[in-house]
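Next comes just one chain, in structure tokens: the form predicted on its own.
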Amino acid sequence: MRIKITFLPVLLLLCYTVAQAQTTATFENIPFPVALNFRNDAASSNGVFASGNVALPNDYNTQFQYWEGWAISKETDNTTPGFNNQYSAITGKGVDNSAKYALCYTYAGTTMRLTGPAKGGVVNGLYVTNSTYAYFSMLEGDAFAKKFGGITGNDPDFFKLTVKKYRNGQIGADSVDFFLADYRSANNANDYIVNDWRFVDLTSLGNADSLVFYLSSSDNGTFGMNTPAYFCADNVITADMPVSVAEAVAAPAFEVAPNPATDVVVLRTEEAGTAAITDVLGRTVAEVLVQPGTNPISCGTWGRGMYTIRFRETARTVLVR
């Protein structure tokens, strides 16, 4: 079963509910050798880059200087196309102008392991964007890959990130999809290639020991995908606690939009009740009486960050900028 990423509910707590702690992996703790702006070799760190409660496996071949899996970067070049600029994010920086971010190179799927209190728990989500290399390859085409949209601009091209989970050695059936580029609309004005950091909600995957990231593209050849198989990630938010469930049952539906929000977020529902809004530390920032229909909620004073809106035993996450 495939699951859309927009406004996804967390699993219901049917046995008991507890306050959640959260940890954000920012990768700012990863040390860099002097004069280097990227690290594609984690051999000195037992083969993983560790930050927060996640571990990013890295495989580096010293003989051929070849790597795959994860790298950590602080490159800022978001204007130079081509493979020689493979370690840059198109944003030229991490989330909230941070210096460092993670970069993934994958064809058959790359894992992100959960560690410490996050293992076996829920990953709230992470931010993703395109690498500069992949961005300009799709925008302009190169020696190996086509320009997205083709000569006429009408080709229904796409570049998609798919996330799944492992739990107790078994890969989950559900997945979360996020389009890093999407030219499938009949209206070319709707075509886009992501060039900023976007939050991907992963709560729908439930309890996990690790996540697996896959890339797919409409541009493929004899040896597989032609689009450069890179994406960038930052600020991975782990809930650090498993959700206890007896069984999944339907909950009253509600939607929140826009997401991200700035001054106002709108809650839409067919039922009445009280919505509680909490920050990443579990502190209540607002409680709002909700009526059936459209309910504007002022969020301009909350401050920038991730917030959870809980309404009648269901929750949604929203980013306030």
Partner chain sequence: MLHQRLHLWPVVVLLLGYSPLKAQMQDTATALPVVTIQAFSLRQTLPGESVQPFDSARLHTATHQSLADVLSAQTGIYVKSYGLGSLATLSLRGSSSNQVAITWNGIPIQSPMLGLTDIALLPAFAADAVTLHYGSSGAQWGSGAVGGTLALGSSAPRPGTQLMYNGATGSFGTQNHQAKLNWSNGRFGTATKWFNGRATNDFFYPLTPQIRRQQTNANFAQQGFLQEIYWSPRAPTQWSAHLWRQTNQRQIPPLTTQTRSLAFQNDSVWRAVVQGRFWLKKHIFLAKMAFFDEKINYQDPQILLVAPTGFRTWTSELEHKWQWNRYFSVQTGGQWSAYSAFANAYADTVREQRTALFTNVRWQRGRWQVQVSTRQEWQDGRPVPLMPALGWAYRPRTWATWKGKLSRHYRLPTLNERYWQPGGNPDILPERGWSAETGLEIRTGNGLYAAANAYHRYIHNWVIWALQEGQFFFSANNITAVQSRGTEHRLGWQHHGRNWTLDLGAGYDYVRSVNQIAVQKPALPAGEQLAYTPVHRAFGHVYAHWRGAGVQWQSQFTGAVGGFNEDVPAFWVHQARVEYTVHWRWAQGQFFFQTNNIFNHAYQVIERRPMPGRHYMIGLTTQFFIKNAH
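Positions refer to the first chain, counted from 1. Remember, it's a predicted structure, so these values are computed and weren't measured experimentally.
Although not depicted, the form predicted in complex with the partner chain is the subject of the following passage.
Participant: May I ask whether 74, 127 and 192 each come within 4.5 Å of the partner chain in the predicted complex, counting any non-hydrogen atom?
Facilitator: No, none of the three is in contact.
Participant: Pick from 151 to 159, 174 to 182, 92 to 100, 195 to 203: which stretch has non-hydrogen atoms within 4.5 Å of the partner chain in the predicted complex?
Facilitator: Flagged stretch: 151 to 159.
Participant: Spell out, yes or no, whether the shortest heavy atom distance between residue 229 and the partner chain in the predicted complex is within 4.5 Å.
Facilitator: Residue 229: contacts the partner chain in the predicted complex.
Participant: With a 4.5 Å heavy atom cut-off, would you call residue 120 a contact of the partner chain in the predicted complex?
Facilitator: Close contact is absent here: in the predicted complex, residue 120 is far from the partner chain, nothing within 4.5 Å, heavy atoms only.
Participant: Give a yes or no for residue 66: in the predicted complex, does one of its heavy atoms lie within 4.5 Å of a heavy atom belonging to the partner chain?
Facilitator: Contact check for residue 66: yes, within 4.5 Å of the partner chain in the predicted complex.
Participant: Would residue 168 count as a contact of the partner chain in the predicted complex, using a 4.5 angstroms cut-off between non-hydrogen atoms?
Facilitator: Contact check for residue 168: no, nothing within 4.5 Å of the partner chain in the predicted complex.
Participant: Though the partner is not shown here, which residues of 188 to 226 have a heavy atom within 4.5 Å of the partner chain in the predicted complex?
Facilitator: Stretch hits, in order: 219, 220, 221, 222, 223, 225, 226.
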